[in-house]
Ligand SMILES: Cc1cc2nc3c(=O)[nH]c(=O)nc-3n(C[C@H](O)[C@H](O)[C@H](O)COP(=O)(O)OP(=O)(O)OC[C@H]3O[C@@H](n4cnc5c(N)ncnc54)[C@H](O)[C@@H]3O)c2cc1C
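Single chain ahead, by itself, as structure tokens, in the form predicted on its own.
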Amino acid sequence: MKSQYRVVVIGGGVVGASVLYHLAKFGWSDVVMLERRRLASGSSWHAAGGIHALNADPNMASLQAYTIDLLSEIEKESGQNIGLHMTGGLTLAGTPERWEWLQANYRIFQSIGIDDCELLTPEEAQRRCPIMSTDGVLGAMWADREGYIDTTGTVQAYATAAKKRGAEYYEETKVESLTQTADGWQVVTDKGTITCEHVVNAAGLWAKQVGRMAGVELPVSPLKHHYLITDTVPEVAEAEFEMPMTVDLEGFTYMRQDQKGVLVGIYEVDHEHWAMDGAPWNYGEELFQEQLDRIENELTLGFERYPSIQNVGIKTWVNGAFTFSPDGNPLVGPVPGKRGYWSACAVMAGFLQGGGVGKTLAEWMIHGEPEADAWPMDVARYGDFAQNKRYIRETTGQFYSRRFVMTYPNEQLPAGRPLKMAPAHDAMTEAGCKWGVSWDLEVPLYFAPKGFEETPTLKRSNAHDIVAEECKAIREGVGLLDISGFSRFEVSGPNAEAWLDKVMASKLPGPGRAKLAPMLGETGRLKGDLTVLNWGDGTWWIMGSYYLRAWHMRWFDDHMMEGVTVRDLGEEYCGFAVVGPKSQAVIEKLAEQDISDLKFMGCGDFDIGLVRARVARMSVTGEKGYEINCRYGDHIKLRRMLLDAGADEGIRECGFNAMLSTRLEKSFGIWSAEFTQAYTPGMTGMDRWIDWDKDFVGKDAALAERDGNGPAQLQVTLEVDAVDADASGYEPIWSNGERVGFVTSGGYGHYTGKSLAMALINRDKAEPGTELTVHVVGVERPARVVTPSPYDPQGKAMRG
């Protein structure tokens, strides 16, 4: 072992070995992996080893597909047998809602390029898995690319293949401390000290302690997980083919063949955490005693689903620990505020996602950003609030217990909530507000009559008419919307303008003006759909999506220059938007200055009653509107004054659901839907805001797109002939049976009375009037491309 490497990877499980392999594969061979015991001696050795390509998130599905393709490659490269069995797999639906969900997801998988799936009747499913009972099964989905591998052999294969490419790894080498230096990190081990530029925390069950060595509190926790392996099952032994991977969602179990018996795994509703501060250092290849009382219900359902196993013995019980994040996705990438410290933790499905995680992290480290959009597993999707132990316990436990429980798009889950609340939260709740959550903050969805409860559904909600009334108020009168859920960054210093001009692709606004500003990465793909405000006093604001606060701050820090200070105002400022044709009349009753002087996209400091506020005339609803930003302590007073001033105008409090409906009617895109790291300005129409005459991050790549053949797909707006449900995202779009695009987001335009969707479709199908079809909750519906902004296409309302 040398005393200096470029990268030190801590942890010798499947994730660490994959990171090591990909770093070496992509050209960085001066890398080492340190394992405190033996390879695969954490969670990897006792994992069930199941693999499948299906995931409703297209980026995660892509990474899983990459991992599956890679497995045979590393087996060949390393010469290590990984025991790959591609059996195919079944997912069972046992309720009408689940069967509807499965049919909808079948179409979404088509959208994201997973074409080896098919829907089956219960009888067809049983022919694929003859040991299965079809009692209660309404249908199933089959996928070709499912199976299982030998877990220990796979870890060995990654490590051996990495070593053949020049990387090193050492077992029985325990990392004892980490110290950040001017040039990187000092890694103290029980075999000596190493200096390096980068450290990767791939420590699995020990990720918490390795994080704390660097002053990082990662939102991870181990939970216990059961599976059993049976003795020989005669029906399995006599079968001419291997039993497929089978997931019984209503039974909370998964099953695969294991030699001549089967393995049955259980996601226990009665979850149990273990070692929340990290596993003991001397823990390795031990297991816990099975806890039959905790899994009795799920175990009964499993034995009923596979009657053949009722007559054989259980050869092995496994009750082992795996680490989970609050939402079950990995925590990957550069940790904000800790240059050179990388996370590759909480990879619950290590053998399914480990290859993709390794590829993503290696690309990120070497090239500055990964090839695919890594947001679903980016460590920066959580902020400091997620360090709280109770938050971690509640959210990881909720995810685990709901692993196979159906979650509806309009369903609000309770774990870790409410946490952060705007000051007027209680008063708004008393007024009927129903809340959602963005990052750590409660955000208003809509205001309902006392006693109203929303019913979870895949289709239109029973809150549909309530949101319609809020949209009408916005379009015809005046609405009041809490905008605490917007991010705000203050940029100051002698080089503030020069820095903004470099990181933003747009022309900067003049004093007292605001401007939409795309932000690009070096590859020319989007990094933000932001608004820049020039207050005219030497300070600037950047406003964007609240839940991207840590992600954007990391980007700003990584591209910082001297003479610039960027400050996150998320704990200092909040506010309200007043929107609608009567909005000016409301503001005029309170403003000490002449608000009529504030033109569209103007901004300035105003006295709104007793509140000193920073006001911008803009609105995402497409109506005339004012965003009033105030200090947190002024929030309650500001709301009271606005409601009083608007009483004669019929002011109505509204939520984000109405805002989303009205923005669809204007064809306004939003981040994580129309705008993501996977898309370019040309695809999304954001190129119209680019100032091509200046230098900015990503310009060369953006120019190559502009001056080349252009993007293959373009953003359009669709009108859908929907009945009782609306498109929401990733549904496939068809032209004469050919898949030509997919929905990025959708919903009901309450004021236009139309079901609308925004979509990326092939260029030759992007002309208004083009007739298409789109699947909505699994049902194919007619649709057509319409001219952008179905409501007020000239923009007279918001400019008037």
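Keep in mind it's a predicted model, so treat the numbers as computed, not measured. Position 1 is the first residue in the sequence shown; the rest follow in order.
Beyond what is shown, the protein has a form predicted in complex with this ligand; the following relates to that form.
Work out which of R381, K582, H225, H552 lies within 4.5 Å of this ligand in the predicted complex, going by heavy atoms. None of the others qualify; the residue that does is H225.
Exactly one of P58, G747, G741, G50 has a non-hydrogen atom within 4.5 Å of this ligand in the predicted complex; which residue is it? Contact residue from the list: G50.
Heavy atoms, 4.5 Å, this ligand in the predicted complex: which of 303-311, 564-572, 198-206, 541-549 makes the cut? Say which one. Every other range fails; the passing one is 198-206.
Please determine whether K174 contacts this ligand in the predicted complex, using a 4.5 Å cut-off between heavy atoms. Yes, K174 lies within 4.5 Å of this ligand in the predicted complex.
My question is simply whether E35 lines the interface with this ligand in the predicted complex - judged by any non-hydrogen atom within 4.5 Å. Flag for E35 set to yes.
Does this ligand get within 4.5 angstroms of any non-hydrogen atom of F452 in the predicted complex? F452: no, not in contact with this ligand in the predicted complex.
Within 4.5 Å, heavy atoms only: does M519 come near this ligand in the predicted complex? M519: no, not in contact with this ligand in the predicted complex.
Identify whether this ligand in the predicted complex is within 4.5 Å of every residue in the set G11, V15 and V210, based on non-hydrogen atoms. The answer is yes: all three residues contact the partner (heavy atom, 4.5 Å cut-off).
Can you tell me which bits of 347-382 touch this ligand in the predicted complex, meaning any heavy atom within 4.5 Å? Stretch hits, in order: V347, M348, A349, G350, F351, L352.
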